[in-house]
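Only one chain is included here, represented as structure tokens and corresponding to the form predicted on its own.
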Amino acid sequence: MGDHGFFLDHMKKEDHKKAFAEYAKDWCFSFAPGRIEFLGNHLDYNGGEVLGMAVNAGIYCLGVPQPHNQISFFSESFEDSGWSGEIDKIERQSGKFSWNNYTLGVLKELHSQNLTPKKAFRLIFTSDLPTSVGLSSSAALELASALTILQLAGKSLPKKELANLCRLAENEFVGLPCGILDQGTSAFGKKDHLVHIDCDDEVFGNIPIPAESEVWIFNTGIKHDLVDSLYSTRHQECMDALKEGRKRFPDKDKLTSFSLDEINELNLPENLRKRATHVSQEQLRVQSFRTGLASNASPEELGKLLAESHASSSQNFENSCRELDFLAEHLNQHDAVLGARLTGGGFGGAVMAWTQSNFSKKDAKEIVSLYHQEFGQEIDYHNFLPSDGARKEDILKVEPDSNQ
């Protein structure tokens, strides 16, 4: 190693930190959590109220300035499918490169608002968030990308504007007509709290989650690609139901404002009647949950609303599947489970179980074993805590020199 090795071996830890901090002084680092849709299935784009939960896992993004004019992305989750190019020549990617679209959409939106760095840069992503289980890794990727690019540009945006920019990127560039739930929950997460979003007025708030309760996720193992699935079909059906409903009730501008009696007055095709029924009743469940929390209702009573939500998603919105129904049914029969329901877009993905604190890994493994007996497939499960939302992070915090 020579003299350099001797020098490195005898440097103090603090000196190493300072040397690295100087080398990386222009680097930027951000984190954005995944989210669980706690209650309010498919209400966000229907102008309703939803409850989400940012989780203690997500996507990390490191931004490093580059001396040339090429921007590039790399993810350890997709090592052979990075992207490189110029900011004025952004095109949608396909196949194994399609994960880049979430960051490219954000980059394009930021560039249109003059919020991108003057110099080229490289973004490097890593994650401890399970994918394809309804935890919205896409929104976490968007928010982590946006925060890092903004830091590189010496810019910033309020949380609400940040969430809306990322949602617009997903709507316009990726092509998924999602509402604000995913990005809003990831942005406004708070430890030990749920995120409440009034999607019509885009008002964000936090509600303490009852103590002595936990959230578990059970992954069916069925990967869902919402862009190519029935998600867009359900979105269109809701828009069609609203259009028909306004012929009878012209003052109503969102599907969540219709009561069940009003829906039954309409001459809707069966599929639209079912979608509208789910949306109307799901909105009441969210409101009942909020009211119940405020009045200190028992978690057992509140949990019934989650079980009712899954039944409605399965029977009326028809975005469940046999595997999701199986997990929800067995979890809802468990003594330590307050309520269980599919979470996210549906058509695969995961079931969320809100449980008492005595629900254990042993209990989770028993559910997994039942699933294996029924479907012959091993599935995984995860236990999450409510987390703070998307934020800038220091790559390395250098403590003050004690001699100064």
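Heads up: residue numbers just count along the shown sequence, starting at 1. Note that the structure is predicted; figures quoted are calculated from it, not measured.
The form predicted in complex with ligand GLA exists for this protein as well; it is not shown, and the discussion that follows is about that form.
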Inset, instruction - Heavy atom within 4.5 Å of ligand GLA in the predicted complex: which of Ile207, Val215, Leu115, Cys178 fits that? Just give me the one. - result: Cys178
Inset, instruction - Identify, from the list Gly63, Gly40, Gly348, Gly339, the residue with a heavy atom within 4.5 Å of ligand GLA in the predicted complex. - result: Gly40
Inset, instruction - Can you check 40 to 48, 53 to 61, 359 to 367, 372 to 380 and let me know which stretch has heavy atoms within 4.5 Å of ligand GLA in the predicted complex? - result: 40 to 48
Inset, instruction - Mark Glu142 yes when one of its heavy atoms lies within 4.5 Å of a heavy atom of ligand GLA in the predicted complex, and no otherwise. - result: no
Inset, instruction - Indicate whether ligand GLA has at least one heavy atom within 4.5 Å of a heavy atom of Tyr231 in the predicted complex. - result: yes
Legend entry - Residues of 147 to 163 having any heavy atom within 4.5 Å of ligand GLA in the predicted complex, listed in sequence order: none
